[in-house]
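Only one chain is given next, in structure tokens, and it is the form predicted alone.
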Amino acid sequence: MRPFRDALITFRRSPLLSALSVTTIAFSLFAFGLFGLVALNIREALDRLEDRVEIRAFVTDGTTPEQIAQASGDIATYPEVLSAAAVTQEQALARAQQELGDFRDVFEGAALPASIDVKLRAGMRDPATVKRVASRVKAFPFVDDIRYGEEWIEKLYRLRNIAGIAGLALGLSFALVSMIIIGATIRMAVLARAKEISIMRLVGATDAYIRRPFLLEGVAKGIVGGLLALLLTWLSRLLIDRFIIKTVFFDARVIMLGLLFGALIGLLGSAVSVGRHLRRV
């Protein structure tokens, strides 16, 4: 219990620097959390849109139903494919009229091409996989055109990657600043307790024993900063839900990882600083 008591005493001795350390950790994790929240919701939106991702292969006029059925069966055997359904000209016309609703008269008497509608398995709907399957389907001699919304799939994935990378870079930058400030706090605490540390060494205390309360102090600051960042992120999410768009929040596993990351920042900042300055005392 003594290391915990010593850590609390050290925390009380420099409340301003301790508060600055906690605040810096909180805002670093808060910035990281905001970008993580954006990336998470983009991924959720992508998952919902992925359910609608399909490849539509239009076939040339004169292709027999037997050829289309045979091709559909072959495509359905691809490992990436969930299903492949043949759509006749009549079915294509009925679907177009249903989707247009009030403008269904536009297709009155029109002839739409038959097609093969290909749906991909979950986890197989990224741009590269969709493009690869579309190329294989297009290789059939009677396939006239392929449509699968290539542009919007690539843009959505690109947006998610940019948000993730930006959040990671910003979070690591703030984490570095947090470690520096925590290190400064620990350095001040070591210097303030120089005489006490010297006496402890005289009575046989090891460096590991002396170092322990400072490390616990850093971990405590990291956890408190992580909790504060989580609260700020949750409040931001409430504001976004109210004024912009409904969002999803992190699950328990991600929350625990965030708190552990805060504790790690505090531990590393303390370890580097106390290891360097303890030798000078």
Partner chain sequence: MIRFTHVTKTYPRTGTAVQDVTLHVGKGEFIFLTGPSGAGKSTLLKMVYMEERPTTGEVRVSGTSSVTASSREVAKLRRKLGIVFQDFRLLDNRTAEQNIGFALEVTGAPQSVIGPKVARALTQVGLAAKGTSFPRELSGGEQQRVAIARALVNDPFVLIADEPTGNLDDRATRGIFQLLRDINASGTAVIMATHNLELIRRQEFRTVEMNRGMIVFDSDEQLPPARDA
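Positions refer to the first chain, counted from 1. Only a predicted model underlies this, so the values are computations on that prediction, with no experimental measurement involved.
What follows is about the form predicted together with its partner chain, which we do not show.
In the predicted bound form, residue 90 stays away from its partner chain, with no heavy atom inside 4.5 Å.
Its partner chain in the predicted bound form comes within 4.5 Å of no heavy atom belonging to residue 142. At the 4.5 Å threshold, heavy atoms of residue 201 reach its partner chain in the predicted bound form. Though the partner is left out of this view, residue 151 does not reach within 4.5 Å of its partner chain in the predicted bound form, counting heavy atoms only. Stretch-level contact analysis of 124-132, 201-209, 82-90, 69-77 against its partner chain in the predicted bound form, using heavy atoms and a 4.5 Å limit, identifies 201-209. Checking 155, 195, 147, 138 for any heavy atom within 4.5 Å of its partner chain in the predicted bound form turns up a single hit: 195.
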